[in-house]
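Presented as structure tokens, the chain that follows is alone, the form predicted on its own.
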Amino acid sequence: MKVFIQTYGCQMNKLDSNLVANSFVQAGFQLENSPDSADIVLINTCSVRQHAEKRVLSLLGYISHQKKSRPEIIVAVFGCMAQRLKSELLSHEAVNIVCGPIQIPQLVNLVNKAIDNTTKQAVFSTDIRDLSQQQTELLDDFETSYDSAEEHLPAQAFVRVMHGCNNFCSYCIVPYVRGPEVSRPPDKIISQIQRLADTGVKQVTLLGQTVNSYCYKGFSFAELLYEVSKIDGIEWIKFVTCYPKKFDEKIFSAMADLPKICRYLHIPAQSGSDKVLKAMNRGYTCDEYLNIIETARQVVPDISIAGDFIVGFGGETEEDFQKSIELIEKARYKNCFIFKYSPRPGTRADDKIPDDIPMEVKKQRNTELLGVQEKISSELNKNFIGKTVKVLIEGTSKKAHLASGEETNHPQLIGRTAGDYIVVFNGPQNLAGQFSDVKITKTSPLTLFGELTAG
């Protein structure tokens, strides 16, 4: 039977979808690229922002229409939205199965049951903050059984080193749908990455909601980086996402000591106002955040840093917003992910902090902050002109135009540097998954453009 998987959300969700896809393939199902030709539609959901949930409901509406002529279609909704809404989702006319993120190892069996029986099914954690050791071990076994390189990113793989979060930022739904922090045993992580390396994977990205909080029986994330770097075949190691509270500076020493560790740090700030950070329950001040960045640049001079910001959080004044601009200008990120605040049901902010910033103001602040970051990114990127950078080639660019602006027999390729800069250039398509040197000839705020060097 044919299976289509639609994924919304973060890299953690993308990893889950990759594992689920592999589990269905090994069970004899065939993957499809469109819900229109699929017998089974799996929707991996995100609850971090309202917009992500609206996209899920829109897709379910489309499938409901499809089911009028093909009532045999089986629809399974899994992931964070499934855990948040639980059985409520089951009332949707299109939905056959609801499955929480911890229960994804059960999806194949749930679908097989649905094929034989039209009764709706729901599995989720009744108390996500109290996971059993058996649940954790099943998820860990699922990870190691069905991992692989990403389908659209040759020679790259994501490896979960931990799941869950203990920070309880007042606006964030993650602790309520992903559960508490649980770090995987280092020996399982190491053996998994070794197997991936044996299959030709050259870059691994270590994932965690707060990856720098990884700790297994006293074994720290910095120590894990040293062990992963010993694995033959792995050439680049990245990790996301870091949380600024109680940051272990030994991580920077590992980045400086180990050539395989990419000099890239994604460390969300969320606001430049201490007042707003306190209301968000982030657990640090702007000065403490900037001190982390300053230390990173002292220990790892060539590090590139990305940030996250939320605009329009409840009570954010114009003065608070201006402080976010000031923080971006001081931090000088390579790029920044900026979001308009969206209240999430069940979070502390939704209960206690009024969403009192008009959408027009949120949009204006979002646009202004993006403009500030765009100027900084443009300035930083211009420093690459004339330089040669090493990139891991991901494949063909989605853009149809040529990177060089000249006629060529080769398509436009896209790759990334160790610092996570996007590079596009023309070259043979069979270079996907390989490392190459590219000389940068021009830049934009988001992209470096270049030419393959000889040899």
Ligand code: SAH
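The numbering used is simple: start at 1 and walk along the sequence shown. Keep in mind the model is a prediction, meaning the values are calculated, not measured.
One more form of this protein exists, namely the form predicted in complex with S-adenosyl-L-homocysteine; it is left out here, but the text below deals with it.
Visitor: Choose from 410-418, 42-50, 22-30, 58-66 the stretch whose residues reach within 4.5 Å of S-adenosyl-L-homocysteine in the predicted bound form, heavy atoms counted.
Guide: Checking each option against the 4.5 Å cut-off leaves 42-50.
Visitor: Are all three residues 241, 270 and 342 in contact with S-adenosyl-L-homocysteine in the predicted bound form, where contact means a non-hydrogen atom within 4.5 Å?
Guide: Checked in the predicted bound form: all three residues contact S-adenosyl-L-homocysteine.
Visitor: Go through 209, 205, 381, 125 and name the one with a heavy atom inside 4.5 Å of S-adenosyl-L-homocysteine in the predicted bound form.
Guide: The residue from 209, 205, 381, 125 that makes the contact is 209.
Visitor: Please identify the residue among 228, 277, 102, 310 with any heavy atom within 4.5 Å of S-adenosyl-L-homocysteine in the predicted bound form.
Guide: Exactly one listed residue reaches within 4.5 Å, namely 310.
Visitor: How about residue 171 - does it come within 4.5 Å of S-adenosyl-L-homocysteine in the predicted bound form, if we only consider non-hydrogen atoms?
Guide: Residue-level check for residue 171: yes, a contact with S-adenosyl-L-homocysteine.
Visitor: Though only this chain appears here, would residue 365 touch S-adenosyl-L-homocysteine in the predicted bound form if you measure heavy atom gaps against 4.5 Å?
Guide: Answer no; every heavy atom of residue 365 is more than 4.5 Å from S-adenosyl-L-homocysteine in the predicted bound form.
Visitor: Although S-adenosyl-L-homocysteine is absent from this view, report whether residue 282 comes within 4.5 Å of it in the predicted bound form, heavy atoms only.
Guide: Within the cut-off, so yes.
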